[in-house]
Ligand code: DHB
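One chain is shown next in structure tokens, namely the form predicted on its own.
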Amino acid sequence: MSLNKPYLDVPGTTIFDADQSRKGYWLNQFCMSLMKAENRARFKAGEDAYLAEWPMTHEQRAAVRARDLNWMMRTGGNIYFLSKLGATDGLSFQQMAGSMTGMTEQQYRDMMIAGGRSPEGNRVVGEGGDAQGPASQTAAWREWQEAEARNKLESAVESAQTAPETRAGSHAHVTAAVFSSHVPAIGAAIDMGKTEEPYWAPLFKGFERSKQWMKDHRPDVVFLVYNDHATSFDLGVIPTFAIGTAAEFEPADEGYGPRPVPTVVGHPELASHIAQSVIQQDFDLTIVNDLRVDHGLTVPMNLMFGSPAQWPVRVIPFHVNVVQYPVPSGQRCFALGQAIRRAIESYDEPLKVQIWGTGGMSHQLQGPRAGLINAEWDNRFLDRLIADPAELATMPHIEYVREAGSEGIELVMWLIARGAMSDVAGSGKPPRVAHRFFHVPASNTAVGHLILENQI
């Protein structure tokens, strides 16, 4: 994957990046659990039983049993988390560090007393320093690697004749952008079988064409921009931008019980790739390995896919804070969409990716002005989103609030999806409008919907 990772050429060093974080999530969470005395006691009383409570890989459990810190880091461990295991064993940080160097404890202490390890010869792999060469290994790790190598060889021989063809050098690409409101009452109408009732029927009719379009243009992955509604993020932590990098995302309980919708299957490899690429482009993302998704994500999925037993695509959830001010500007969101497109296009797998912007349109849920709808402004927003997104992105927050209601600020999330389209980068024609729909009301909200196809 075409990411700039210059630290891979630093000898004897494992940088804890987004890929490592995803890979080592449960290993590190296990280590964090040892900060409680009762958990340390249970672990010491029966290591295997305690480790079985954590959904780690077999290799991670083996590395823990061997107390091989280098091995644990290879499987995603971070030294700050792993130190909780060392502390449980009564080791100092110096003893833990020494165990990774191939030196005895006394040799390591003598080195530190003499001024520590010199960076000379240890800046780049292949120099002549004393930190070059393979990591120190326990016998258990060596045995595991030998067995793993045998298994990989056998598997490669077995699958060589049946491996599907791939297009060499092809990359992921953005095929379309989908925009939709994510009203919770829409989800309730679906769950309670009310979609044919007179109040709801016009709204769902407006998405019938969208469902057919989705069958004809199904992507491999949906990058879905939404806002968490005080579900996974409370006032203890409110990230401005957060990307879900887990393999699965369970529906959240928003107070009425979890919605009866399928578990969302993620794409952790692409998500981690996007996270690292976008952060390297100077956007600060929060990486979330444990996330429950609320109606902001699941309602648009229902509107586009219906109610299948399993979602037919993989999804990368991307949360934007539009609940507590300060919220990101439209300009920032528009630029972020461009960074996301660049990240996707640098991923070395020919995936078809759609970017969805959700939320809005005009609505206010609080105060004496609750119930505000501005249909004329909403439709003008859709016009500008199609034809002049760069200028639309300069709109100040106060206009959203005054004209579209306090919760109308959710529309800045649509600018992320619009910014990810090819014409914004100057590498494509203006997008084709595949479908446009607007409806009032859906509970307290105006519903907007738009499908734009990239014309490359």
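Note that residue numbering follows the sequence shown and begins at 1. Note that the structure is a prediction, hence the values are computed from the model and not measured.
Below, we refer to the form predicted together with the ligand, which is not included among the displayed structures.
- When the ligand is considered in the predicted bound form, residue 74 lies well away from it, no heavy atom lying within 4.5 Å.
- Contact check for residue 410: a heavy atom falls within 4.5 Å of the ligand in the predicted bound form.
- The ligand is not drawn, but in the predicted bound form it has no heavy atom within 4.5 Å of residue 319.
- Remark: residue 384 does not count among the residues lining the ligand in the predicted bound form, judged by a heavy atom distance of 4.5 Å or less.
- 295 is the sole member of 295, 341, 267, 273 with a non-hydrogen atom lying within 4.5 angstroms of the ligand in the predicted bound form.
- In summary, the region of this chain contacting the ligand in the predicted bound form, judged by heavy atoms within 4.5 Å and restricted to 309-317, 275-283, 133-141, 360-368, corresponds to 360-368.
- Shown here without the ligand, the chain has only 229 in 212-238 lying with a heavy atom within 4.5 Å of that partner in the predicted bound form.
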